[in-house]
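First comes one chain, alone, set out as structure tokens in the form predicted alone.
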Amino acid sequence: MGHFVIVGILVIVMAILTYMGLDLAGVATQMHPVEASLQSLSIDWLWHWQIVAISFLFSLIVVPMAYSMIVFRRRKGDTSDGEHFEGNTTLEIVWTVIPLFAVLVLAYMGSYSLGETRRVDPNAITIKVKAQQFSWTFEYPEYGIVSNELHLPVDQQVVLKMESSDVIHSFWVPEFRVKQDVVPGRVTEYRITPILVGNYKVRCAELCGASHAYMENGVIVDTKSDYDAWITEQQAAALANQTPEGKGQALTVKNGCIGCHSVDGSKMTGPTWFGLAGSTVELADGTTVVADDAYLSESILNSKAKEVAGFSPTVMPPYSLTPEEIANIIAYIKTLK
């Protein structure tokens, strides 16, 4: 019995030291981003108790093994056989029942955390999210707003209805903890309740192509008053942008064009639109062409018709646009000088 008491005490001490070591190394809590959503609280709570369980189970294995190797080792000169054991029914029952109980407890904790993460608020705000290589677009159907930034009101649940126009993407804001795949041909839901005002970023957590690492957009959690002010500002801007140029800019945001084409001359996976209209463009076959309306229209409808040097082979997805929409996009491109 004395050995059991000693081992029990050592297991408890070792478990505490292991947890403290993991916490000091940042594994337990310190490596996590801030908790910026209501869902992150239950997820981090579950993670904490998993670390506790891991520390205990590690100690429960290592301590008896090390203790036995030291205390019950064969002494020098001892050539006798070890003591014969037939078994211990009580011990076998104990080490079956206790792990079973522990598994049931952890299963309950996991289901509780999952339930808290997916809890539905009937008053949740609905925002449509479109993922495409290599950007995110956010539409607020209630207000007629389309943006390349995701604005969320603090302490208000939001449900994101997410679609992909090309390949599988994954919506992930580390500070929110929750991650959800965005799959072509399906609408996936992502529920989140922000609790901390601040600026964050949504990242694609599923390898989706050459510029996967740059597929990130701003996520801004506003106070209720700031959120309402932003909505009002965007609605006013939408009304003011009823010109062809304004409509064209909205289309480029909605269709994710800015994920590949810069508007300030910076290098991206597609040719920049800055100063493009009217310029001479060098093509992949060595010839040149003037970027007039006909060339721009043709390139929008069929990007492989005249591939730009340095950007072949083209990977732009096909778009279904009306002649008016194409004209509006061209009008917007002409303003980028």
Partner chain sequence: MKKFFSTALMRGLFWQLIGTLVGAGLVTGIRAIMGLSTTDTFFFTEPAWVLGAFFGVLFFLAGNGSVTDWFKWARGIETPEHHEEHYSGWEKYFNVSLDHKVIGIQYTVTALLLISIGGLFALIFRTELAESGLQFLTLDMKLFGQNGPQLYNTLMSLHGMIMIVSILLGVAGIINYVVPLLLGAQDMAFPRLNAFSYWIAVPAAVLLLMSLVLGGFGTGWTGYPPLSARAPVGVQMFFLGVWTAGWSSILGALNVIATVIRMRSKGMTAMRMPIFVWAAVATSIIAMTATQLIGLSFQLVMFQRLLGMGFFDPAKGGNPVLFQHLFWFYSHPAVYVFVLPGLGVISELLPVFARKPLFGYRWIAMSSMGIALVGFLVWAHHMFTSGMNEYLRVPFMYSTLLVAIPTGVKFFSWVATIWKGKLSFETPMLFVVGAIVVFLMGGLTGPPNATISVDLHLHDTYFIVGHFHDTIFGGFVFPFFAALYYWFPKATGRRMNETLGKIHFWLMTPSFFVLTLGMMDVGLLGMRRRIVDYDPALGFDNVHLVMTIAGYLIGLSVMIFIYNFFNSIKKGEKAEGNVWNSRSPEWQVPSPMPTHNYDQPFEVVGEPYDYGLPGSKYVEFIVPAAKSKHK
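Numbering follows the first chain given and starts at 1. Each form is matched to the other, and the largest set of C-alpha atoms that superpose within 1.5 Å is called the rigid core. Because the structure is predicted, anything quoted here is derived from the model rather than measured.
Omitted here: the form predicted together with the partner chain. The next part is about that form.
Peer 1: Could you tell me if Thr193 has a non-hydrogen atom within 4.5 Å of the partner chain in the model of the complex?
Peer 2: No - in the model of the complex, heavy atoms of Thr193 and the partner chain never come within 4.5 Å of each other.
Peer 1: Would you check, heavy atoms only and a 4.5 Å threshold, whether Gly110 touches the partner chain in the model of the complex?
Peer 2: Judged by the heavy-atom cut-off of 4.5 Å, Gly110 is in contact with the partner chain in the model of the complex.
Peer 1: Considering only heavy atoms, tell me if Gly286 and the partner chain come within 4.5 Å of each other in the model of the complex.
Peer 2: No - in the model of the complex, heavy atoms of Gly286 and the partner chain never come within 4.5 Å of each other.
Peer 1: Decide whether Gln234 counts as a contact residue for the partner chain in the model of the complex under a heavy atom distance cut-off of 4.5 Å.
Peer 2: Gln234: no contact with the partner chain in the model of the complex.
Peer 1: Sort through 121-129, 150-158, 221-229, 86-94 and report the only stretch with a non-hydrogen atom within 4.5 Å of the partner chain in the model of the complex.
Peer 2: This holds for exactly one stretch, 86-94.
Peer 1: Verify the flagged residues Val13, Tyr19 and Asn199 against the partner chain in the model of the complex: is each one within 4.5 Å by a non-hydrogen atom?
Peer 2: No: none of Val13, Tyr19 and Asn199 comes within 4.5 Å of the partner chain in the model of the complex.
Peer 1: Who in 168-205 is close to the partner chain in the model of the complex, meaning a heavy atom within 4.5 Å?
Peer 2: Stretch hits, in order: Ile168, Trp172, Pro174, Arg177, Val178, Lys179, Gln180, Asp181, Val183, Pro184, Gly185, Arg186, Thr188, Lys201, Arg203, Cys204, Ala205.
Peer 1: Tell me whether Val308 is among the residues that move between the shown form and the other one (Cα shift of 2 angstroms or more, core superposed).
Peer 2: For Val308, whose C-alpha is compared between the shown form and the other one after core superposition, the shift is less than 2 Å.
Peer 1: Tell me whether Ser68 is among the residues that move between the shown form and the other one (Cα shift of 2 angstroms or more, core superposed).
Peer 2: Indeed, Ser68 is displaced by 2 Å or more.
Peer 1: If we fit on the core, is the Cα of Asn199 displaced 2 Å or more between the shown form and the other one?
Peer 2: No: Asn199 shifts by under 2 Å between the shown form and the other one.
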